[in-house]
Every structure is written in C-alpha cells, then in structure tokens.
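The chain below stands alone and is given in structure tokens; this is the form predicted alone.
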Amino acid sequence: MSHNALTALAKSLPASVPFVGPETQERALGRAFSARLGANESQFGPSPRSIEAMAQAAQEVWQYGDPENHDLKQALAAHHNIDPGHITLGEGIDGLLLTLTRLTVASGDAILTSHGAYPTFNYHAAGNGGTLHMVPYLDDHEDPRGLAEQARLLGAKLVYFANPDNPMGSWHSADTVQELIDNLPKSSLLVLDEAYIELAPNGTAPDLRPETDNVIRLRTFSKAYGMAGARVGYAIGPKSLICAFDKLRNHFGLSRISQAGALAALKDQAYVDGIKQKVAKSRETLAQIAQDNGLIALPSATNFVTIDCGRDGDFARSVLEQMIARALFIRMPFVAPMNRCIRISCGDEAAMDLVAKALPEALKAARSA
C-alpha cells in the first residue's frame, strides 16, 4: 500500500508492538524456550471440559461463530447475576480496548493511566489520537487517589486502572476501588481492568453495579481459565455504552471454537477453584526461590510473581537476559523504579525447578558482568 494512503495520525505513529512475543525471541535465539513464564499464560491449561468442547466445535469450524455470542453472553449474565444487556464480548481484553478507544477517543482527548502500567491500553489510546498522561506508581501500587486528582485537573476522557495490577501483581481493596469510582468526575470513564480478578483475595472486586455510567469493567478467559490462545474477553458496563460496541466491534471475532471452550470453562468452576490453589502454591514456591537467592518477592494477587532484584533497571535487565539465555522466557517492568524487578509467571513443579536452577546462575552472571 502506498505510504500516501495512511492517515496523518497513522504516519505519526511508531512502527511498534506493545510486547515482543516468545516466538519472536525463540526465532532470534534459534531454539525453543524450556518454559514460557513471561506472558502470564496459565501453564496449567484449561478445563478438560473446555478442551472437549473445543474439539467438538472444531468439527463445525466450517461455520462462522454466532455473531451475537448469545449462549456465552447468557451464561456470563447468569454467572454474575446481571442483565445480558450489560455484557459484550471481544477478542480478549486487548480486542475490547481497541473497540473501546475507537468508540470514545478523539484526537487530543486527555487519556490517563499509570506510568508503567499495561502498555496495550496506551497503544490503542494513542492509535486513536488520544494524548496520554501518566501518574506514577506509589509503593509499587497504582495510585487511585493520584489518578482521581489528575482526572479532575485534566478532564480525562478515559482513566485506565488495573486491579490486580500488571506488572507488579499488587492490588487494592474493593473499598479503595469504589472510592476511586466515586471520586472520578462523571465525565471520565473508568476502564477497570480485572484480568486477574479470579486469582485475587476475596474483597478485591467491588460489587457489580453495571449501570454505573462512568465505569466499564474488563475480564478475560486468558488467565484463571487458561484460554489465552482462544482470545475471549468480556466487558461489563452500562447498557448505553455496551450497545455502542455493536457499532464497531468485529461481530465474527470470536470463533465457534472459542465460544464453545469459554462456555464449557465457565460452567466448570470447580476446575477454576483448583487452578487458584495451584497458582497460590506456585506463588509460594517463587517467593521461596527469591528468598533463597537473597531477593524479595513482592506480594501478588495474580498468576505471576514480581521479584525485586535489589539494584537498578540495568541489573534487572541483565538478570532477565541471563534467564533468557538459559531458555526461560520471563519479562520485567518497563519503567523505573519498578524496572528493578523481574516478573515470572506461575507454573507447575517442573517449571519451578527450572527457575530454581537458572536464577542463581543468572544472578551470578549478571553480577560478574
């Protein structure tokens, strides 16, 4: 396509991606990773019922998926005890963020997030012409009071807030989140990313009040449900906003296979309860590995653990590179002072054994360098 066909906005944007995938790194290394522990996928996988449902749906994959996602939407409404008119579905939270920013962000709109928070939101907001503003983290947590104050000063159109948080794994109580909702100007829409909410302690999520005009809540089947590759996310919000998604969303974005798998996964809450236990055990193991190496694991309400390497970002980056050189895919926060840390996803015993073996070697190599 001719460069002249691009809009002025598109021409101004850098050719970048929010994350470099493990497959890209494997191609550069010329070998496969021994463990994928960087993208917060669930190594424990989806429910066997979900796998069975997807295998059955694969026989019908010659058909388009239901563009209304009817059965899955009805099941989610029953699960949350809300009207299905408050729910829309999309290709993971990333797909929902793309549609949301297309619907709400105009050129020059003030968009507010935390400095170092999930970069895909920034990617989509900037891609639609928004002007990004950042509030720094406070003690390795997003700062809800700082966000509310800046939202009032800027007249922010969107305010992004993740609870629990990525990349630090930290979280705020439901009361604190509700205080943020109450303190935002009514003209600001809170984009409440709850990707990890099923893995968080009780009392983390405020009550669902889907008719609240200035809140949209985003959830996913990628984490606790173990279906990252199926790309199924959903949003809960006021009917006027949820209905507007039909103006722009990809109506055939969720395949028959993805819809069938998510529906079966939702119905198997006993399996999700088991995953919570496995994740909790893995978090404890990672904390112990950090302690054994003289490092500090930050408390986590997610399926990953952020480990403070005790120095600056250059040292943490060296540790990360040494872990990658030992065929372990991990990541780290992008922004100081959080970039003093590395981030390791939870996994099974075999994966944790690989971490326990590689981390002291990586630290030794990084310190020598």
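Position 1 is the first residue in the sequence shown; the rest follow in order. As the structure is a prediction and not an experimental result, all values here were calculated from the model.
Below, we refer to the form predicted in complex with a further copy of the same chain, which is not included among the displayed structures.
Partner contact region in the model of the complex: 237-245, out of 237-245, 175-183, 201-209, 279-287, criterion any non-hydrogen atom within 4.5 Å of a further copy of the same chain. If you check a further copy of the same chain in the model of the complex, you find a heavy atom from every one of I51, A106 and H124 within 4.5 Å. Among the residues P136, G85, P119, G95, the one placing a heavy atom within 4.5 Å of a further copy of the same chain in the model of the complex is G95.
Looking at K223, you'd find a heavy atom of it within 4.5 angstroms of a further copy of the same chain in the model of the complex. Put simply, H251 is close to a further copy of the same chain in the model of the complex: some heavy atom of it is within 4.5 Å.
a further copy of the same chain in the model of the complex is approached by A228, whose closest heavy atom lies within 4.5 angstroms of it. When contacts are judged by a 4.5 Å heavy atom cut-off, P337 does not count as touching a further copy of the same chain in the model of the complex. In the model of the complex, not one residue of 299-337 has a heavy atom within 4.5 Å of a further copy of the same chain.
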